[in-house]
Each structure stands twice: as C-alpha cells, then as structure tokens.
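A single chain comes next, written as structure tokens; it is the form predicted alone.
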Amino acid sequence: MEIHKLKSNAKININLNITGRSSSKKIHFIESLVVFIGLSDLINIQETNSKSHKIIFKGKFYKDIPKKNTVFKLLNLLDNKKLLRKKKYKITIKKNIPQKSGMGGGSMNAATILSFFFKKGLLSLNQTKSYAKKISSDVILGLNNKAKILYSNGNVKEIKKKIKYTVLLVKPFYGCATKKIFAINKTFSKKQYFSNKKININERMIVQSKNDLERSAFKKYPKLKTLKNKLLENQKAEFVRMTGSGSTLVVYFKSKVSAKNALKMYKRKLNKCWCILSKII
C-alpha cells in the first residue's frame, strides 16, 4: 500500500501572554503569536490490513514517549466515532523535535495526521477543527504552517505578514513539565490581541514582546535563566525568548551568517545543550 510522507513542523511562540485563568485555576487563558520553523518530525503513514493501528516512534528523541500519546489519542477518538471508515494505519514517526521543549512536537504530529485525514476526505473541515481542540489546545495551530494569532478565547486567526528570522534553538538536556510551569505561574498580562481590531505585527512589537511563562520556568529551573543570560550576551542577536513552557530558548537573528557563527560558538561552549539552526517558514 502507498506510503504517504509527511512533515510535522515545530512551532515556536514568538510571544506568549497569560491573560487570566478560570475560577478553578485549572485553565489559563493564553494569547500568542505562533510561527513554524524548518525543524520537523518525519511521518510515514499507510493503510494496513491489520486489525489495529500501529504507531512506531524512532529517531533521536523517541525515548520515553508514552503509549497513550497524542497520536494514539487521536486515532482512538476517531475510531470511536467511526470516522476512519474501519481503516487501520501504520504510522512511523521519526522524532527530530525534542520532547518537553516548548515546540509542540506531539501536538504538531497529531495536527499533521488530522490534516492528512482531512485532505483524504475522511473528515470535514469542521470535524478536523473540532477534533483538534479535543486532543489538545495547541493542536489546531498545526493544521497548516501559516503564522497565527491565538486569541485568549481559543480562537485562531492566520496572518499574512511574513516574519523572517533565522533562529538558533538552544535546549538544555532537561525538559520543562508544562503542567508544573503553569501551576506556579503568577505572571499575567493585559490582552494584546482583539479579534475585532486590526493587528499590526511589526518588528518593534515582536522584539518588545515577552513570554509570561519565563518567570515561572526560571523559578523552577534557575539554570535556564542563567542560560538565557549567556545567550543575551550575543550582540548580533535581535532578541532571545523561551518558546512555550520551555525548556527551549530561541535566539533570533536577521543575519544567517551571524546565526551560523553563533551556532559554532555555542556548540563549543554549551556542551550540555542541544543546539541547532533553523528558520521561520
């Protein structure tokens, strides 16, 4: 049977504002400017005559992925609603995106597979969006690779403006547990994005933005703050910001040459970190 080859690109949060939380304190209201980068997991998917789905993980960052991962949850949910028309799939995912990195690797895998099912005619657009929200709050962001605004009410809007940076991704050899970072968060911001107002995405706004989760991440992992301070010493960088709930720090460059030089230096100096270059697509 035909093997379909898919790319599941990593997402990064250029900014991330926590605008409030529910009365139960279990749900935080988030707004964010989200873009996608060239770094991607590689997914092979094909129909199989087996009686059940088969999900295989491999690659540098496949270890310790739980059995009940986002892809498993997605297939199980679609099977329960009989939306896959009794078809079964073998899915092999080469993990190039680190876990607990703030780049949404697992969620973007689920989003990429959902998008594949939509393109194959198994799901309507409304079903695709509905099931994306049921899997995880950020899955809907990855249904395509266009830059997006995530509003605090959960709505998403694609933006046309091209955001051009070469990015240096620096991740220490530990991850940040999203639930723990949110649990200790005490930083909140006023809303920056309103669905009924035109959003002016410009360089000044991007550079002056922030990630509200940095404070709680740095409190939980003090060495992450030390790492950011080291990265801020690079005068060729436009700015440095954590993506998502961490632990990846993103160094943004306008110059590809400067980014390459920085990569060489940090690979030598930060031997306890994973460092790689990519670019916003």
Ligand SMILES: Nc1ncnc2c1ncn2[C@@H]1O[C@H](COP(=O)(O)OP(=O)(O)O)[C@@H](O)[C@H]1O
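Numbering starts at 1 and follows the sequence shown. Computed from a predicted structure; not experimentally measured.
Keep in mind that the form predicted in complex with this ligand is missing from the display, and what follows is about it.
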| property | result |
| --- | --- |
| Proximity to this ligand in the predicted complex, single hit among 92, 137, 99, 128 (heavy atom within 4.5 Å) | 99 |
| Partner-contacting position among 132, 170, 71, 147 - heavy atom within 4.5 Å of this ligand in the predicted complex | 71 |
| Full three-residue contact with this ligand in the predicted complex, heavy atom 4.5 Å, for 38, 112 and 163 | no |
| Segment assignment from 81 to 89, 174 to 182, 201 to 209, 117 to 125: heavy atom within 4.5 Å of this ligand in the predicted complex | 174 to 182 |
| Proximity of residue 57 to this ligand in the predicted complex, heavy atoms at 4.5 Å | yes |
| Contact of residue 32 with this ligand in the predicted complex (heavy atom, 4.5 Å) | no |
| Close approach of residue 106 to this ligand in the predicted complex, 4.5 Å, heavy atom | yes |
| 4.5 angstroms heavy atom contact with this ligand in the predicted complex for residue 222 | no |
| This ligand in the predicted complex - contacting residues of 51 to 67, heavy atom within 4.5 Å | 57, 64, 65, 66 |
